[in-house]
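One chain is shown next in structure tokens, namely the form predicted on its own.
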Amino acid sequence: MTSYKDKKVISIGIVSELTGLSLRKIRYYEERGLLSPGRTERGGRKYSFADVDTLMTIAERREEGVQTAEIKQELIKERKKKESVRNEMIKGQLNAHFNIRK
């Protein structure tokens, strides 16, 4: 089940208001591959609360002078770390369920 934080339901205008970032800047970060919004049937962008958090992180890192390419690498590393933790949790649950001992 998808968390409410990951559901793509927020328009770019609202994201702009929440983050203080211009529409142009938000689109630029998308072009650079830092986030990927969902799309409506008409092609409008839809963002999640997790995307808003990511944009705030990007904005903070940019203020610190970090380049977008480096931020992208940081985001990829963080996603991989979260996936690894999630996979380990699933393994643990499966092992516990099937009573598998190492």
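Sequential numbering from 1, following the sequence displayed. Just so we're clear, the structure is a prediction, and the values are computed from it rather than from any experiment.
One more form of this protein should be noted, the form predicted together with the DNA, which is absent from this view; the next part is about it.
- Heavy atoms of residue 72 never reach within 4.5 Å of the DNA in the predicted complex, leaving it off the interface.
- Proximity of residue 84 to the DNA in the predicted complex falls outside the 4.5 Å heavy atom cutoff.
- For residue 39, a non-hydrogen atom is located within 4.5 Å of the DNA in the predicted complex, even though that partner is not displayed.
- For residue 22, a non-hydrogen atom is located within 4.5 Å of the DNA in the predicted complex, even though that partner is not displayed.
- Taking the DNA as it sits in the predicted complex, the stretch 18 to 54 comes within 4.5 angstroms of it through a non-hydrogen atom at 22, 24, 25, 27, 28, 29, 32, 39, 42, 43, 44, 45.
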